[in-house]
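Coming up is one lone chain in structure tokens, specifically the form predicted on its own.
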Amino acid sequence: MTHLHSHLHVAVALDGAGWHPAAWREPDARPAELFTAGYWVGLVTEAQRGLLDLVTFEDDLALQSTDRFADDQRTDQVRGRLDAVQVAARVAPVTEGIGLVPTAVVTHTEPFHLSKAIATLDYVSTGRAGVRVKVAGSSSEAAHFGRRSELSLEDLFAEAGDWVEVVRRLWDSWEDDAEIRDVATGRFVDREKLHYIDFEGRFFSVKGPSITPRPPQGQPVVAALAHQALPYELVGRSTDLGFVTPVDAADAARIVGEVRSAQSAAGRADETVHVFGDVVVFLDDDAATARARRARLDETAGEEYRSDALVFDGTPPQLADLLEEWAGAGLTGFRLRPATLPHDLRRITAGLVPELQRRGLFRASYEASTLRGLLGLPRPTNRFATV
């Protein structure tokens, strides 16, 4: 279903000192604070100041590496992360309005554990939680757990689909009115409104119910990053939001078409599934300064920065032009990856957002209290509810 909101959705992907590998060496970077709560609270507060829809937090089962399948042993780049779900939970009580979407690696990780972690995040954020599902395909990641060897690409995404289905069923395993809390009768919960999910699949056999009551949003927002056919199918079949990496407007239209086809094949053509374009951004007041900063960072890193997403260097109005063009190709929003933090995040909130507002393309205030509300997604009906 076509998304009916007239404005664009804008998210920011937070990772370390920024997405450029030399970002931690910038004068305004704070590498000594990367593992402190205050650092992440400050970044999300800045994103909230810009009225952004949501922030995502990166996570993984292995150290960051320039080699996709092994530890590169490098010591000149940021290595190590805090747990994304716990960072989001720490940030949640001191923010409002903005959605919090931690990455969860669903390969090797039990859906029962993460279903209650994300449900808890939805409670402590009062309805602003989401989760970005991510697969892990390397042998080194499998070795951290030692329970099985790596899966094929087809099985990785088949398992991810089952993982999402189990999590969604667990979130529904408590009906919305299962908690009675009647002191006079001594009944806290109506056991008839807690349900076994009895999921039986190739990868999981999960009984349920959850130990955590149904989250405030009913089901927190499920997202995934997608680059090719299998993950496009996962987005269309199982998620509320897909992050994609087009190189231009024509490519964006092609990708949106693939996701919509997958959505239709899964019987979800009438549901809103957002497709956000990812862009790495170097933003400054003039394009020459942005290009020079990118070149300086590349020189510091010793190599040209490359990304799975388009790398943009220019001004906020020039970026607004790009987003407007790509929105015309069917994207409903964008997830911007700041090349350096806090510089490019501040240029998004203080430069891009006012430019989009001037064009009538972005909100002037938070118009909903939940992430689902911000994204125009309905609160799902509980599949087990009888009334």
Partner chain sequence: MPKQIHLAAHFPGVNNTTVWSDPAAGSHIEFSSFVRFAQAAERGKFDFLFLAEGLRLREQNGAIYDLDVVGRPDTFTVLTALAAVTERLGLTGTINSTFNEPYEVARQFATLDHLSGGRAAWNVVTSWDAFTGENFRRGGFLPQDQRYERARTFLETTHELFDSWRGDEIVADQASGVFLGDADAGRFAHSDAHFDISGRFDVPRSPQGRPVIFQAGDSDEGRDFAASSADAIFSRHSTKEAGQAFYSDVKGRLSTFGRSRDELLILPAATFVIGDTDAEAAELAHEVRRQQVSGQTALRFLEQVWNRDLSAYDPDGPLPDVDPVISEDHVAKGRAQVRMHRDPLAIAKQWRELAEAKGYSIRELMIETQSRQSFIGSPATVAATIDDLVQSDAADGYILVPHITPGGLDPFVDRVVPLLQERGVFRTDYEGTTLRENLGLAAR
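Computed from a predicted model, the values in this text were never measured in an experiment. Positions refer to the first chain, counted from 1.
There is another form of this protein, the form predicted in complex with its partner chain, and it is not shown here; the text below is about that form.
Judged by heavy atoms within 4.5 Å of its partner chain in the predicted bound form, the contact stretch among the candidates 227-235, 144-152, 244-252, 264-272 is 144-152. Heavy atoms of every residue among Gln86, His113 and Val206 are located within 4.5 Å of its partner chain in the predicted bound form. Val106 is the sole member of Ile98, Val106, Val167, Val131 with a non-hydrogen atom lying within 4.5 angstroms of its partner chain in the predicted bound form. A heavy atom within 4.5 Å of its partner chain in the predicted bound form is found for one listed residue only; from Asp286, Asp177, Asp182, Glu304, this is Asp182. Put simply, Gln217 is far from its partner chain in the predicted bound form: not one heavy atom of it is within 4.5 Å.
Mapping the unseen interface onto this chain, Arg187 counts among the residues with a heavy atom inside 4.5 Å of its partner chain in the predicted bound form.
Although the partner is absent from this view, Trp19 stays clear of its partner chain in the predicted bound form, with no non-hydrogen atom inside 4.5 angstroms.
Although the partner is absent from this view, Thr315 stays clear of its partner chain in the predicted bound form, with no non-hydrogen atom inside 4.5 angstroms. Residues are counted as partner-facing when one of their heavy atoms sits within 4.5 Å of its partner chain in the predicted bound form; in 52-71 these are Asp59, Asp60, Leu61, Ala62, Leu63, Asp71, in sequence order.
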